[in-house]
Ligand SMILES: C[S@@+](CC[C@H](N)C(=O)[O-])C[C@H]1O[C@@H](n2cnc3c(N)ncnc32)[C@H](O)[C@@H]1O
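Before any questions on how it binds or moves, here is one chain, the form predicted on its own, in structure tokens.
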Amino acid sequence: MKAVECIVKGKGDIGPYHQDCLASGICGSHINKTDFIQALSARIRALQWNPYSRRPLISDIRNDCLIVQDGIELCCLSKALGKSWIKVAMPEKVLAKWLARGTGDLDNVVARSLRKSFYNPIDHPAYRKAKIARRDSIRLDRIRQFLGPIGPGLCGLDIGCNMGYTSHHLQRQSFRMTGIDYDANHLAVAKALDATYGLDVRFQNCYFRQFQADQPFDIVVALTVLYHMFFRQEEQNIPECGRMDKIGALAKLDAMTRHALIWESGPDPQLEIDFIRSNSGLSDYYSLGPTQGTGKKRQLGVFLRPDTSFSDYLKKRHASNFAGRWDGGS
């Protein structure tokens, strides 16, 4: 995906993808970077301007993920061009799995709540035209690019998960996800989507103060919510049962985070960065870039606990995929 974006948008470095292809033998063992870029560019241009390009072939649906057998470059190109849906080819057995993902629970939730819109997209053709507040997937794309292929055997916590968009995608990546949110209406949608997708995220309706866990989580996701937890509780009229002093809230968050806190800021990123680094063991910070999906400028980043093997792996992921694009070292 990153290599295609480099070709289409002229941003980033295609070098890491070239090295991966050399190491795996995909492009032979001697093709230089210049020739590699020219060949890839020619393939992308041929796809971009050819309306008769063959549709990507989906070979299976596994853990609610479409497995692309042929046509990955066209999929990446469509994503880079901002397309949310494309036409693909599916064998009958795969199509039957796709169509079997029912929306009965979700339809009932929508009918009961008279819901007219959703915060994030719903990955089902029946809701393709639903009104969405945040269609872009920049945050999710960067999080998945940062994490890489890890997932199996790891657990994650999504604080303020809303309708479970990030939780569901990381569960597809084989994380054992837990999502918490104080809004029962959001979680009703999240649980209904669990049934549609055939996933088993553990969703819990509570404030962070009320949440209890048996053990820490390998990663914790907190997109914008720390700003509200640390600096805006009183002005938002959060009930006493949900309030925590910010030092106590951070101490609890620190204890629950084994390796990495993936974070999106409020309007003052540096205030939050300094507070987290100075008052917790999550002292290594790395930027994943700016975001503004709802028109508000935010900062996306990750806080790592130093000197764990998992953190070392994530530092290498960051150096390979993000270094030089945005400021924000440790």
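For every residue, the number given is its place in the sequence shown, counted from 1. It should be emphasised that the depicted structure is a prediction, and the values quoted were computed from it without experimental measurement.
Missing here is the form predicted together with the ligand; even so, the following discussion is about that form.
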Since exactly one of 257, 137, 103, 224 fits, which has a heavy atom within 4.5 Å of the ligand in the model of the complex? 224
Under a 4.5 angstroms heavy atom criterion, identify the one residue in 246, 124, 176, 228 near the ligand in the model of the complex. 228
Wondering, does residue 196 line up within 4.5 Å of the ligand in the model of the complex on heavy atoms? no
Do residue 206 and the ligand share at least one heavy atom pair within 4.5 Å in the model of the complex? yes
At 4.5 Å between heavy atoms, is residue 107 in contact with the ligand in the model of the complex? no
Does the ligand come within 4.5 Å of any heavy atom of residue 183 in the model of the complex? yes
With the ligand left out here, work out from 72 to 80, 144 to 152, 212 to 220, 157 to 165 which stretch has heavy atoms within 4.5 Å of it in the model of the complex. 157 to 165
Those residues of 114 to 133 which, in the model of the complex, come within 4.5 Å of the ligand by heavy atom: 119, 120
